[in-house]
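Okay, here we've got a single chain as structure tokens, the form predicted on its own, with questions on binding and movement later.
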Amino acid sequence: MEKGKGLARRWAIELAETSALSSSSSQFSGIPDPPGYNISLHDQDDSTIAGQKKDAEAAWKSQKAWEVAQAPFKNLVMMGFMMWMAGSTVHLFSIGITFSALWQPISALKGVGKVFEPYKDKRVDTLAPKLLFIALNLAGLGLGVWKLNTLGLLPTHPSDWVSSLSPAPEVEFSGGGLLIN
């Protein structure tokens, strides 16, 4: 067999053939379409493609909004572990951890609108993720308040309010035997 003669390779394409012109764009340019190119896939309506892109973007925004809404749960677990490790005695570390557990949810609750701003879209409903975000941050706030109570820093006992009570009324008076004027 001479070189180039005999069995043709399966992957070889003769570009000089005019019978390979299959699509309408190839007929105008005189060059055949690349192998595997299907012009019918590109003839779709632009509005259909734009609608599909918008749907995909809306689905992505919805998924990311739910991820952001569930993020405080990770913080809640971590903060609970840190509070457990800090113990129940009042010292600098436990007070710092407790006030951090109170400050983080408060600052997150103040910025709910900013957190979900990138995911605003008329196709994306952010109400449920916002409610979950708020609920998890309120749970974190409750965890901080519980830790304050276990440290004894909340005034929950009557003895904590003794200074604001008026003195008890005198029921009896006792005195000595002599009356001095």
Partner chain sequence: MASRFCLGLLLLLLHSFISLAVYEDQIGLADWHQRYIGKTKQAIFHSHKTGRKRVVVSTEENAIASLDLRTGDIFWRHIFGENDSVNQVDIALGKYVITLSSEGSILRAWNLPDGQLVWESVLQFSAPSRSLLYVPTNIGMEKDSLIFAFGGGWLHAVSSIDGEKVWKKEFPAESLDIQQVFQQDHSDIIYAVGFLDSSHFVVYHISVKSGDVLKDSMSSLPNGFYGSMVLVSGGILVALDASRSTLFSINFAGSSMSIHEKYIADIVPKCSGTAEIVPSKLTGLFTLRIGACMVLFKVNNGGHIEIANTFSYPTIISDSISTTEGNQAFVVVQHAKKSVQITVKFVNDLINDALKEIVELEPHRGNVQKVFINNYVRTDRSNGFRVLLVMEDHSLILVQQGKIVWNREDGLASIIDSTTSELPIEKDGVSVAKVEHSLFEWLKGHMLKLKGSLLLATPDDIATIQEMRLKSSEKTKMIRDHNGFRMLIIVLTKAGKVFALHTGDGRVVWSLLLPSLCISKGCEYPSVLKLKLWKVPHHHAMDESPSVLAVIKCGHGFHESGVFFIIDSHTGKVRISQKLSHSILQVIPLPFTDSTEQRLHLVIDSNFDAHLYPRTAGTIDIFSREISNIYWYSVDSVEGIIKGHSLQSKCKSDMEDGYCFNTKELWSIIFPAHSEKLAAIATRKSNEVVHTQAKVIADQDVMYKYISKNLLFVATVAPKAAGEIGSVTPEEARLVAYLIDTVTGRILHRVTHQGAQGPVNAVVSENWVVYHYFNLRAHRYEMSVIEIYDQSRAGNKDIMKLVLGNHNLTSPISSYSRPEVAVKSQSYFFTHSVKVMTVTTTARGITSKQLLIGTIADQILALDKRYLDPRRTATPTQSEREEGIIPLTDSLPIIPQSYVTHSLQVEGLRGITTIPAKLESTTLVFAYGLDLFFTRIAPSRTYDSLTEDFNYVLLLITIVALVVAILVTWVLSEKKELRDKWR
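In this text, all values refer to a predicted model and were calculated from it rather than measured experimentally. Positions refer to the first chain, counted from 1. Take the two forms, find the largest set of C-alpha atoms that superpose within 1.5 Å, and that set is the rigid core.
A second form of this protein, the form predicted in complex with the partner chain, is not displayed here; the remarks below concern that form.
Novice: Look up in the predicted complex whether M85 has a non-hydrogen atom within 4.5 angstroms of the partner chain, and give yes or no.
Specialist: Judged by the heavy-atom cut-off of 4.5 Å, M85 is in contact with the partner chain in the predicted complex.
Novice: Given that the partner is absent here, does Q70 sit within 4.5 Å of the partner chain in the predicted complex, heavy atoms only?
Specialist: Q70 lies outside the contact set for the partner chain.
Novice: Decide whether T156 counts as a contact residue for the partner chain in the predicted complex under a heavy atom distance cut-off of 4.5 Å.
Specialist: The answer is yes: T156 has a heavy atom within 4.5 Å of the partner chain.
Novice: Just checking whether T89 would be counted as a contact of the partner chain in the predicted complex - the rule being heavy atoms within 4.5 angstroms.
Specialist: Taking the distances in the predicted complex, the answer for T89 is yes, it comes within 4.5 Å of the partner chain.
Novice: Across 161-179, which residues bring a heavy atom to within 4.5 Å of the partner chain in the predicted complex?
Specialist: Contacts from 161-179: W161, V162, S163, S164, L165, S166, P167, A168, P169, E170, V171, E172, F173, S174, G175, G176, G177, L178, L179.
Novice: Please check if P158 moves between this form and the one not shown, taking a CA shift of 2 Å or more relative to the superposed core as movement.
Specialist: No, the C-alpha moves less than 2 Å.
Novice: Just say closer or farther for the C-alpha distance from S164 to H91 in the predicted complex, relative to the shown form; it changes by 3 Å or more.
Specialist: Compared with this form, S164 and H91 lie closer in the predicted complex.
Novice: Based on a C-alpha change of 3 angstroms or more, tell me if P158 and V171 lie closer or farther in the predicted complex than in the shown form.
Specialist: Distance between the C-alphas of P158 and V171: longer in the predicted complex, by 3 Å or more.
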